[in-house]
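Next up: a single chain in structure tokens, the form predicted on its own.
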């Protein structure tokens, strides 16, 4: 009979326990915030947050709809992190990907699958710049990524404002600060619901195949990192660039490839979100939060591509539940509570370190005894 691995040596189980502990602590502190803001409605508010997502097929459809781009942004951050890079530029790559997808859909009248390919190309294009600066000039990717987030936002605003055909006002609407509704401009660019998903969720307007695409992307990324020589080289560069060079690996090429793939994932996220046909891109004044929300999703999953599926679903579930807490709690209070829960849930890495330390002390006491 196969001997069971001790808990101290089971990295996957320790990571799972760390994530669960982080989530529970985040929920506890979130409840304390509720008590401070509105003591009389704290229990009702927490119940709404934890129960709304499963309250109806339509609500759960919204959970899946929001989870898809979160999952891909988490994959983008986690993939780069596994290769030793911190891709804080997922928001800019997401924005450029969304623009490429919408431009293809509205201006070029392309089908949805072609628009998604354009979104990946746009995100990959935007991801290559931090990779080049890191590889050839050793410029910290965090600095360049943050700069390119703002460049992406203002560039997309400029391009949309100066492309009349992409604006809603060109398709019979009165709005000139947002892109056209796909239902009017190009119904063929709207993501299909999928026969099985449509039957399961009762024709919810939120549901489409985006969650399936995102899960498939997570499986592909896991396979690349774990089962391929290419993935091994990327992780080797992430662990030690100099050692990888000594082993004959082209470290600069791996850094650029890592950022290109991370950018493509974030760009695909933007395409999936805006090709659903339920929202329009509005000319923004601040960087889109979706890319930044991918950071706690990746941290909660310890950058594991398969774990990212579940952490994205959790974050999306909390966000959908939070929207049902009004009018007992103001929208600002809800945002604070959700942020507290999400970002404390991202302390999984710290929790993992604590668990490993406690297990090591326990093993040491046993050895002395």
Partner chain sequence: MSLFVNIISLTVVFAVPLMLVALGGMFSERSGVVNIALEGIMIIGALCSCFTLKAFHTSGFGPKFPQLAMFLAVLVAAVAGMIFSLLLAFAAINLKADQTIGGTALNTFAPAFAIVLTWAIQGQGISTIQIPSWIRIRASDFGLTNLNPIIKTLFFKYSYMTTPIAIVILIVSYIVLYKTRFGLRLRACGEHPQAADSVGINVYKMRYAGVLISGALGGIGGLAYIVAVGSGFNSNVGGYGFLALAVMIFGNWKPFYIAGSAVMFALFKVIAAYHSVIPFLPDLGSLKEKSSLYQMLPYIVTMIVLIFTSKKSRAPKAEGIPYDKGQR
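Everything quoted here is computed from the prediction, not taken from an experiment. Positions refer to the first chain, counted from 1.
A second form of this protein, the form predicted in complex with its partner chain, is not displayed here; the remarks below concern that form.
Taking the partner from elsewhere, no residue among 64, 121 and 204 has a non-hydrogen atom within 4.5 angstroms of its partner chain in the predicted complex.
Note on contacts: among 230, 108, 113, 86, the single residue with a heavy atom within 4.5 Å of its partner chain in the predicted complex is 86. Contact with its partner chain in the predicted complex, judged by any heavy atom within 4.5 Å, is made by just one of 226, 183, 219, 283: 283. At the 4.5 Å threshold, heavy atoms of residue 198 stay clear of its partner chain in the predicted complex, well away from it. In the predicted complex, at least one heavy atom of residue 327 sits within 4.5 Å of a heavy atom of its partner chain. The shortest heavy atom separation between residue 82 and its partner chain in the predicted complex exceeds 4.5 Å. By the criterion of a heavy atom within 4.5 Å, residue 58 is excluded from the residues contacting its partner chain in the predicted complex. Screening 66 to 74, 310 to 318, 333 to 341, 46 to 54 for residues having heavy atoms within 4.5 Å of its partner chain in the predicted complex returns a single hit, 333 to 341. Contacts between 134 to 161 and its partner chain, taken as any heavy atom within 4.5 Å in the predicted complex, involve 136, 137, 139, 142, 143, 144, 146, 147, 148, 150, 151, 154, 155, 157, 158, 161.
Relative to this form, residue 339 and residue 321 separate from one another in the predicted complex, with their C-alpha atoms ending up at least 3 Å farther apart.
A change of 3 Å or more separates the two forms for residue 23 and residue 338: their C-alpha atoms lie closer together in the predicted complex.
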